[in-house]
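Below, in structure tokens: the form predicted on its own, a single chain.
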């Protein structure tokens, strides 16, 4: 039996001294789950928000073009977790949409990194979201953090997104790029969009079904962020995916099994492209077989390494 299956779920927050954590994108899928992990702890969470109407004492206004409006509010912060960015999975990728995706990540990250670099009492670590889209469409090739960047829109965005943190790194801040895979969560991402057709019995593989989907539970995304903050030996790229990537066909069969529904209605690749355009190629039909080597070698223990258990946990949660 795998030792992973015997591991108890990780605690919400790794025990440590009281800290101040700043989060951008706190209202998003990952940001809200990460912020919730501090409930009941003594840590202070700062909400770095673009909403100029925010009035809470712990709200800090920022602008993706110019950075933090009042950087003094961040002085003495222990860690900055940067998760803000245009949602890539909503709406067709028009040129305007692609521009928003790129600018929100590359320009926004550079603005944050530059602001942190100018502070007198800088955070010790900047954890910045990235994505396994960095690797592009690579078939069945096994990819770890030492693999080169791929080609395509998302790969180009991810490469420049990660490079935009350079001002913070030059200023001596430890920077971690968390390359996140397909997130399994009932609260957002791909899973809720798939549930309706699958529950109706009209779900099925997408395209050939042979493309690899490197997935990760929302609990392990949160756990990986905590781990990246706590382990001061970690820096650079960290793949945030479960240890067992699966093909789209395997994912489809498992989801159907958990829901007790048939999965006999495939979506041809051309139909996905017709409906979603370029987005279908990068998000649904691309094959990215990624392993979390650096997370595992640094001692992180996954709370949900098994796809069935991860799906059951989210779908059947009360």
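Note that this is a predicted model, so its numbers are computed, not measured. Positions refer to the first chain, counted from 1.
This protein has a second form, the form predicted together with a small molecule, left out of what is shown; the following refers to that one.
> Would residue 253 sit within 4.5 Å of the small molecule in the predicted bound form, counting heavy atoms only?
Outside the cut-off, so no.
> Indicate whether the small molecule has at least one heavy atom within 4.5 Å of a heavy atom of residue 31 in the predicted bound form.
Flag for residue 31 set to yes.
> Examine residue 49 and determine whether its closest non-hydrogen atom to the small molecule in the predicted bound form is within 4.5 angstroms.
Looking in the predicted bound form, residue contacts with the small molecule include residue 49, since a heavy atom lies within 4.5 Å.
> Taking any heavy atom pair closer than or equal to 4.5 Å as contact, tell me whether residue 217 reaches the small molecule in the predicted bound form.
Residue 217: no, not in contact with the small molecule in the predicted bound form.
> Given that the small molecule is left out here, which of 165, 130, 211, 77 has a heavy atom within 4.5 Å of it in the predicted bound form?
Filtering the options by heavy-atom distance leaves 130.
> Between 234, 206, 180, 143, only one gets a heavy atom within 4.5 angstroms of the small molecule in the predicted bound form; which residue is that?
Selected residue: 180.
> Kindly indicate whether 83, 86 and 161 are, all three, within 4.5 angstroms of the small molecule in the predicted bound form, using heavy atoms.
Answer is yes for this spot.
> Given that the partner is absent here, state which listed stretch (166-174, 196-204, 117-125, 99-107) has heavy atoms within 4.5 Å of the small molecule in the predicted bound form.
Contact criterion met by 99-107 only.
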